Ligand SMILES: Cc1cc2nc3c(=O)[nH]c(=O)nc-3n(C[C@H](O)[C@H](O)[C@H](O)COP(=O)(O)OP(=O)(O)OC[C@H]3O[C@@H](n4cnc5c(N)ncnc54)[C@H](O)[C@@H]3O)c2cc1C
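Here you get one chain, nothing else, as structure tokens; it is the form predicted on its own.
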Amino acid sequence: MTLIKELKSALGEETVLTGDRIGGRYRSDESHTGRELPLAVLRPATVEAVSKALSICDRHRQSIVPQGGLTGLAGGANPRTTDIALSLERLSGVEEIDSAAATMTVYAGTPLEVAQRAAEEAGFLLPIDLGSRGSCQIGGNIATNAGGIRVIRHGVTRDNVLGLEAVIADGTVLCSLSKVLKNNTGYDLRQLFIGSEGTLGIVTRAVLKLKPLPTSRSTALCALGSYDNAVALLRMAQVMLANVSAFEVMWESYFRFNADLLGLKFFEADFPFTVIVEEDLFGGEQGTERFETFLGAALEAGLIEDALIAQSEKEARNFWAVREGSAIDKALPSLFNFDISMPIGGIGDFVEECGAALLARFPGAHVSFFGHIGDSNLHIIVATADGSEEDLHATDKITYDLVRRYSGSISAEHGVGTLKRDYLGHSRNPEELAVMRRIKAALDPNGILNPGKVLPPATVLPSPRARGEG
């Protein structure tokens, strides 16, 4: 029996898509770098079906590329023509909300926004929050260890996963759907799969932490004159505001460009930096006076030049619309996105050096910066004249060479995939890469799970710094 026939026999015709039944969307994630349709697409609706699919593919030495909401920007879900894509879109739904434990058990294919709404209806907050919440899936959030805008208060996805179920390459289901915070019973296997981008196993279910649901939020848009002042404002906010939930910094070029696209005007003048500060409020808590006291102290200390407090949800949404930059994709269709991190104190100097280097290489290009900052995460937008692959490689080298020099990470929250794979040695040393390969070989000895992703080929030399040359 051929592989495809065996899969159809075991899973059902409706689960196995081939030929004209494979839609173009299975070609690529949001990086738009995928060029090929897979050999087939599997759409299992149960954990048992995922297990059967992997067992059969492992026996046939057939490569599998897991796919979630396809919102990634690193090429991690892109298949080749010889791969089978395994989409988790039908493995969806909230299995349970445990109010006593303050947990949610959810299937991997559940869209993040669906899980968020279910938590809210039960009176809780699901702390994981991303701009792509409407289309990204819980399994993909876990597989990439996604960050987002609430990390400063609630941590990255890894910090919000209590229990996990994953299927490894031979079809074995590892089920540890624990609801307890303290669990010192040997190796913490869930951490192997969080951030592994489907190279060690496919996440099928998870137990997520829930937090108290804020009853309201105070949101301010602040104009600043320097990066040092932005860092000082962050530290002041952490002291004076009880529940800072977001601190987003936008450099002038990013803020002005997006505000103009949206037809929004907030301040009479342009300022080098604009910051969104947000605080969660609970119960009958009145945070307006505290928020105003904080902003007044920041003005008196010379940290901010001007500030606006949102007087309605609409005004707060306008602040966030500029930060989320949804209009920039249409305005700059060939843009390159970079997602990096480094020690907070070095980010200001990095931006100046990186911006100058990119504009020297590509005069007239759009180059802008924004980031969460409070969790050391910086995003870079680059749009060259033609957006060619050659331009992408050149911007990669300029950016990641500087990241290495500033002792940063080439990926803060979007994963490694294929687009950052060959630069992994800029952030991880040869010993770490060797152990990663040993773990991969132990859990996936036939190399069927998302081959070519995350780990660079062993022949790719580590970075000069890692070899002691830098």
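Just so it is clear, the structure is predicted and the values come from calculations on it, not from any experiment. All residue numbers are counted from 1 along the displayed sequence.
Omitted here: the form predicted in complex with the named molecule. The next part is about that form.
- Of the candidate stretches 311-319, 147-155, 175-183, 274-282, only 147-155 contains residues with a heavy atom within 4.5 Å of the named molecule in the predicted bound form.
- For G201, a non-hydrogen atom is located within 4.5 Å of the named molecule in the predicted bound form, even though that partner is not displayed.
- At a distance threshold of 4.5 angstroms between non-hydrogen atoms, A77 is in contact with the named molecule in the predicted bound form.
- Taking the partner from elsewhere, E197 is found to have a heavy atom lying within 4.5 Å of the named molecule in the predicted bound form.
- The named molecule in the predicted bound form comes within 4.5 Å of no heavy atom belonging to R404.
- This chain is displayed alone, yet in the predicted bound form one of V249, A108, L126, I340 has a heavy atom within 4.5 Å of the named molecule; that residue is A108.
- For the options G345, P333, G131, P363, the residue carrying a heavy atom within 4.5 angstroms of the named molecule in the predicted bound form is G131.
- Scanning 402-426 for heavy atoms within 4.5 Å of the named molecule in the predicted bound form gives E413, H414 in sequence order.
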